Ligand code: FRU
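The chain below stands alone and is given in structure tokens; this is the form predicted alone.
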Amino acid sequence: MKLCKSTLRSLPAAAALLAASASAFAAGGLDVAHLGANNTLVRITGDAPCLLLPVQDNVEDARINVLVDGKIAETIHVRLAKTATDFTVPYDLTPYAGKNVVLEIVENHGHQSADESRADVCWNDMKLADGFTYVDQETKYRPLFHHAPQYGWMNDPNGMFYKDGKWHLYYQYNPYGSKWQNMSWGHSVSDDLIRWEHLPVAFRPDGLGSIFSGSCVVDHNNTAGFGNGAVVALYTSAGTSQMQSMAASTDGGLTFSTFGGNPIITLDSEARDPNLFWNEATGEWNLYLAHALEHEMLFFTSPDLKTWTLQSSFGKGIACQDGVWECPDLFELPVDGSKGKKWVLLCNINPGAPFGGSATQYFIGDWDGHTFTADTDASGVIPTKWLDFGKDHYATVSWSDAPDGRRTIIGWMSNWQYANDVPTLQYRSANTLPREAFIFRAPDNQLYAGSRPSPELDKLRAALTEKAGSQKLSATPATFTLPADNDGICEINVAFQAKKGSDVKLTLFNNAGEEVIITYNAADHTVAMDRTKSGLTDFSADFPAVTVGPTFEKDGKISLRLFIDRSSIELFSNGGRTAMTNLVFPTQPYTGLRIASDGNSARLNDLKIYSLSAE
């Protein structure tokens, strides 16, 4: 049997994509019959493992019923090209080898007759192929060292676990277009959290609906009966209602079999994104579920991953109540500088973020296996706290079974305000850098959660390209050159001292007059990032923004670690006490850094700039 294999190589333009793929096309093999203005049948008469579907990003979805021997095998939604093909995506025909396959297509192109439908370019650009050759069209903004899909849409990270030396990352995925649709679980795996291998889609929509977010655990003790060390996934089945379902893998997470008793949790209101862990202290599984519209988290227990008992809820009327609550996570961490431990409950919300749209809030408290109790501030109120102070950090969750007791987290690097509209076509969205979560005590005597870049990221450093020692800062900026390699992708480490009245400003700039300004305010003890002139911003009125976060210090001593990729800047202040993630789309790479102060009491202590390489 032929297989629909995918290979990767790079060419810069869409025209090159189509030319390079043409050699793989099988001749003919498609019988197209236009039944009306917006209804077409495509009968597959040839023998090939792939059908290449032409996509145009700015048209409406077409509904495609895939009929196999007269029965609907699945329904997908694809923005079939009307006037121009932006890119093609493969549809795998190998499961239907030897059977009659017909596509019943309903378009939304507004045609008035079948003749108008015949003029759409998709009917000529739809081809059978012996294989799918993936060609990267997005070299300008595709990240070098962040995980991103080869093609298609990605949002929430899902089901992450570590096993046998591999970091598994699943994610909300549309394999048939670069806007939200056809929610499935994509799958990638890595040895080092930097270089990712793309694997086949793990879950596709089934009879219970689309596959929304969820989590995976390694069932070391065979509590569910699938075998010792089986990987068990819990996820939301999103059809007419939202229900929680289960699947199991006995090959390390490569393939899954859905549980015959699905769904395993049903409620009379919207709930989603199950996450769980084995509680050694109580000898049972603990599960937390977002009661989305009720702005609370629900907590369940189970002995076997199949039968669940609701134990408690948390969140109504507490902290940020805007939008919906989603994507929970719960884990215990030591408190830096002490012998104590506390629990962190992550709660992702949309909208309601400090700077609009989506973000990750969290609570610190105690967990007894059944109930979460949040800490209060000095006034007795449970405060609102944010894990990242940028606009592009959402759906943050952690890996289960991470080695050495690590709590490694990752988020979706975008914002629901404009995620469908960012200036890429072949793919949309990347993940944040992997980070290590920790708890610290701030000058206000409150406990906060921070996130440090994972230690694997040190391996990205290729060369030290700039270095500077102690020097006084003034209104006349000190200027440094960013690396030319890899489009200016780099890591910047800078430390300075600033007293009240001596703000420090770091400006990333290019020859097109575009800039990103990072300002430390010594009076307010805050750091801000201004991307209003960062490059392309007019695709959304919500994109130009200045984001601000506390630095959690009181002495004016600041260290900043900046990771600059082709379309993102991630800032970590004072060892990760503050994190700030923002997308940027410069028309040219940033080439320089200016550092200045508007006062007379600021000093640069140290600067190092590294070029980065993922080779």
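None of the values given here were measured: they were computed from a predicted structure. We number the residues from 1 along the sequence you see.
Another form, the form predicted together with the ligand, is not on view; read the next lines as being about it.
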Exercise. Which one of 417, 249, 301, 155 is close to the ligand in the predicted bound form, taking close to mean a heavy atom within 4.5 Å?
Worked result: 155
For this session: Name the residue from 394, 151, 167, 389 that puts a heavy atom within 4.5 Å of the ligand in the predicted bound form.
Result: 394
Exercise. Looking at the partner-bound form in the predicted bound form, is residue 277 within 4.5 Å of the ligand by any heavy atom?
Worked result: no
Exercise. Closest heavy atom of residue 172 to the ligand in the predicted bound form, within 4.5 Å or not?
Worked result: yes
Exercise. Do residue 329 and the ligand come within 4.5 Å of each other in the predicted bound form, heavy atoms counted?
Worked result: no
Exercise. Even though the ligand is not shown here, does residue 180 get within 4.5 Å of it in the predicted bound form, heavy atoms only?
Worked result: yes
Exercise. Among 104 to 112, 372 to 380, 319 to 327, 197 to 205, which stretch has residues whose heavy atoms lie within 4.5 Å of the ligand in the predicted bound form?
Worked result: 319 to 327
Problem set entry | Sequence-ordered list of residues in 186 to 212 near the ligand in the predicted bound form, where near means a heavy atom within 4.5 Å | 212
